[in-house]
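Next comes just one chain, in structure tokens: the form predicted alone.
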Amino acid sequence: MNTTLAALQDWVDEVAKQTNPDRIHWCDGSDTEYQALIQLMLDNGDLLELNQETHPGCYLHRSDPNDVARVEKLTFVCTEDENVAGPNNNWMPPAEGHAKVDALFDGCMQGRTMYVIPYCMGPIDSPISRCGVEISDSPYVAANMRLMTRMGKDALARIEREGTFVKAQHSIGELDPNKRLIMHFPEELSIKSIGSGYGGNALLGKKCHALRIGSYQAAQEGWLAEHMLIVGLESPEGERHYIAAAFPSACGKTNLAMLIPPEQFPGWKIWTVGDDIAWMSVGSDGRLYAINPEAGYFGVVPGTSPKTNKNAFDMIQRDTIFTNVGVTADNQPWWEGHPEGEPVTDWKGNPYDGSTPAAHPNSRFTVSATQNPCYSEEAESAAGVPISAIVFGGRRRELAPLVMEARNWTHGVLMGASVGSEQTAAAEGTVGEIRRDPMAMKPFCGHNFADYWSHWLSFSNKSSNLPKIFHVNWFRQDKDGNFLWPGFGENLRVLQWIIGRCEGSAAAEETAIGNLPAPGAINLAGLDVADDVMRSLTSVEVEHWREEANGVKRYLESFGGRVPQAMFDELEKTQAALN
């Protein structure tokens, strides 16, 4: 027996009987084990060694060309009542879900090793952390889980103490898209995924546990599991504030998490606590405290350069697993946006001829968070970090101002629920069409959005000391399509105003849609942004906002009678002010 917890041993035995592996390996999370996994994959061709002089400890994984991204249409939430899953999820009754996926698991690990991977999402000793065990037949998954979570003996010891864990069962199966399912059973705290080796479908601690199961579990237990970065800002005087921020894809999330202050801000420091997920709980002082449940980054590589994100670029020069990037003649990793070198083979291993991207657009790096030059030691704090502000963001060419502050917590929840981004490519839909992505959780909320919003609203009854809520939009454009705000490191100027609002020192003007920066309230020292541009960035186009409010109302109504009335009441206040 490899564990003292009978429930865990019984489950492992049950899965082994079902899948019929050649051997079972319980992961201990050690350096020795990690190196053995790497060597195993080098020997069997799952990994290719990159140039160890330029990129020590770096390797390349090439996935099957039909297995390169999350597959939302094959991702299900299985609850007894369909209304619990909600219209924001693909639903299936649990009995049917188990039957469908179990048929694919029968005998699927024959000839393979079954890895038992105990992991902790969050610092081992944090009361906010939660544990799980992933069973997988993929050494790539085992190695990546070691980078992405606190995996191994310490996690197993906590699981044995607590007696509870999320059951996460995975197999690469036949890598057949027709035999691929990612099933979530939130009421059972379990996940079953088969037919994919791709990160979001296979590293089950990430989106599956930390967000889909996590958001349901959080609603039952009174905390928040959110698709948010956590960034710390330290002033020259040494004062620190932490901000949690949610952005849909292509809205600058990772860049903000690892922001480098502009040269006009000497003495300012940025600390990354997390780049993707935040778990938050009310502390004894009534403030919201956040942990990053992950221990590593699983980031998109293309576009990463010293210019766009120097910290991310620097941290992936060593001890990194790359997935689906190109390779240069001297065996260095290469991707679109890389500042130097030329690829000779593409992500499939074929000779590169320039007709298609060398790196897959969704190619990834997996790396320990401790390699980030602005890594915060607070990422290991059991108590978490106190959150001063929660920020939501979207991509809007005209409507949303550069930054606005919610009137109150309820208005902030409405703000988050109505986050929208305009389509930027015809292939994804009509250009300019608004896609709502509440709290950037559209693909990841494991239960009905209406219930999720109710849970958010309930926090106003738990504390009078909650963070202020804001919305930002880095993407306002002029009539010629030019961006009005420079973005990147200059976004610190907006964060400085946000902190000022939290401290009560920054000036704002009340408007129908929230509080906007007063003229001169945002520090523009050394920045060439004209007065009329700033007026445009902080203006309220009343007619556009009336249309927006009507669109938000229709969106809320699409979730039926479960939507809390407080959301509609708050929206009516905005509409009345606009009229």
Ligand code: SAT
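Bear in mind that the values here come from a model prediction, so they are computed numbers and not experimental data. Note that residue numbering begins at 1 and tracks the sequence as displayed.
Beyond the structure shown, there is the form predicted together with the ligand, which is absent from this document and is the topic of what follows.
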Please pick, from F475, W409, Y198, F265, the one residue with any non-hydrogen atom lying within 4.5 angstroms of the ligand in the model of the complex.
-> Y198
Would you kindly say which of W91, F459, F298, W497 lies with a heavy atom within 4.5 Å of the ligand in the model of the complex?
-> F298
Is H544 close enough to the ligand in the model of the complex to count, meaning some heavy atom within 4.5 Å?
-> no
Is S249 a contact residue for the ligand in the model of the complex, using a 4.5 Å heavy atom cut-off?
-> yes
Would K553 count as touching the ligand in the model of the complex under a 4.5 Å heavy atom rule?
-> no
With heavy atoms only and a cut-off of 4.5 Å, decide whether R130 touches the ligand in the model of the complex.
-> no
Just one of 200-208, 171-179, 348-356, 138-146 has residues with a heavy atom within 4.5 Å of the ligand in the model of the complex, so point it out.
-> 200-208
Heavy atom contacts to the ligand in the model of the complex at 4.5 Å, residues of 57-74 in sequence order = R70
